[in-house]
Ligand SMILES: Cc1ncc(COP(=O)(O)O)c(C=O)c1O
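Single chain ahead, by itself, as structure tokens, in the form predicted on its own.
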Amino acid sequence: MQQEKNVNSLNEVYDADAFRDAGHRLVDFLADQLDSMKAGTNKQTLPWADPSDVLSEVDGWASSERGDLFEQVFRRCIRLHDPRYMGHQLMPPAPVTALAGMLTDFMNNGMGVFEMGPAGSAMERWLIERIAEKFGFGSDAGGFMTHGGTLANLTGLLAARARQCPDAWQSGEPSNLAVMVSSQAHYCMDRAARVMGWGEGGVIQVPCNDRFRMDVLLLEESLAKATAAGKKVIAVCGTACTTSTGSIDDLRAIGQFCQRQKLWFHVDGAHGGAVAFSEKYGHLLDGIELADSIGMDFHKMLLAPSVTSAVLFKNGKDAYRTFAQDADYLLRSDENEDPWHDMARRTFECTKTMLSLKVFSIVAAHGWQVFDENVTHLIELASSFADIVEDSDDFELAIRPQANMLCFRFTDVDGDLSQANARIRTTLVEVGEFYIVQTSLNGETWLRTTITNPMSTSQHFRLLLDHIRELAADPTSIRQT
């Protein structure tokens, strides 16, 4: 009897009618929310609550009906599709990608070997070839999609190590290896060096100029100092673009330096790599074609959900050198020279989801030109926001944006500017009408926005500044509304 009960319970898990009903209700609910956010009738971008209060709600979620569960979870989620979301570097994803995600999760195809994920493997190869062209790579280029920019950058450095120290994979890591990065590089570069066993000294920071770009005039000096200290620098990482300000390093100068010094050139293009898709602003990545490897995210400016990323190599064979090992039950030793269809030969992940479908679904539904339109539009929205800030007597702009990130602060305050702007940001989050973040530049606190929602307008930017003025004048009255 117990066995029959278990079978009945499992039948409910896989009941097609229940799935169909829940799916229709969820899509209808999300479509209604999308309409509400686009129309501006949504009340909050961030439904702030104390972490302990949200945790206490979870007990109730566990006993909810499926439809009610999804609505309750949504109620406690930040709304990236709201045009007043201007916070972290996440794109409000194109709705078609949610459908792609549903199919991906339903099919649950792994991609270690071709037979486990034939459609995904072929789509990924197709996409990588075309994306590599955007960066000026030739027919020898290769790469693959992966789960996040951090993993993409780690893989790029692993490939650098495989090229520069070919015995490291078999005999162990030399203890004196290092990579040169700008002082504004993302912390994942430091994390990657530590993961590979290089320690704190494995990252050599090159100072930045007043535009928060790597000071390329200091590259020679920085390399000489590292060498004198016993470090073996094997790579230089250019940043496109920085997390704090959206500044893009002089990639051509870095690439030419690497060629002279015979160093691997990696570009952390997690955010700014998408600029290559903009016909108007692609020149900002001048020199990226000199890179040996590039990490990039689709979920920052290319309409995809997180985490959807890629790592590309000028020489596709470098991808295979990174994880050169045998697994007889999975990877056959008699493969041809380019076994692109067996992903586990090249990726850190042994099981990998069908990431390609999310990007491919955007291309199939809207065409390649939608990437150009979106990236160009976001950059120009940030520029228009900068104009508004510069025209305001009570706000200060850190620098003119290169990409879609903007740092500014409210200046009409008594006392310390950093403390005042940090307090404003905290109250703004608690109110939840807008969502922005903060950063530190030269030891001072600045408000930071990343314009990722193409539905944001100049009117939203003006409303944000007015909201900040009100918070600065009387934060308690706003918190109570």
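From 1 onward, residues are counted along the sequence shown. The structure presented is a predicted model; accordingly, all values stated were derived computationally and were not measured.
Not pictured, yet referred to below: the form predicted in complex with the ligand.
Residue Thr150 is the only one of Thr353, Asn374, Ser121, Thr150 with a heavy atom lying within 4.5 Å of the ligand in the model of the complex. Note on the partner interface in the model of the complex: the residue among Thr155, Thr245, Ser293, Thr239 having a heavy atom within 4.5 angstroms of the ligand is Thr239. Contact between Leu357 and the ligand in the model of the complex is not found at the 4.5 Å heavy atom cutoff.
The ligand is not drawn, but in the model of the complex it has no heavy atom within 4.5 Å of Arg213.
Contact check for Lys300: a non-hydrogen atom falls within 4.5 Å of the ligand in the model of the complex. In the model of the complex, no heavy atom of Asn109 sits within 4.5 Å of the ligand. Stretch 186-194 is the contacting one of 186-194, 166-174, 214-222, 363-371, since its residues have non-hydrogen atoms within 4.5 Å of the ligand in the model of the complex. Contacts with the ligand in the model of the complex, taken as any heavy atom within 4.5 Å, map within 81-102 to Gln89 alone.
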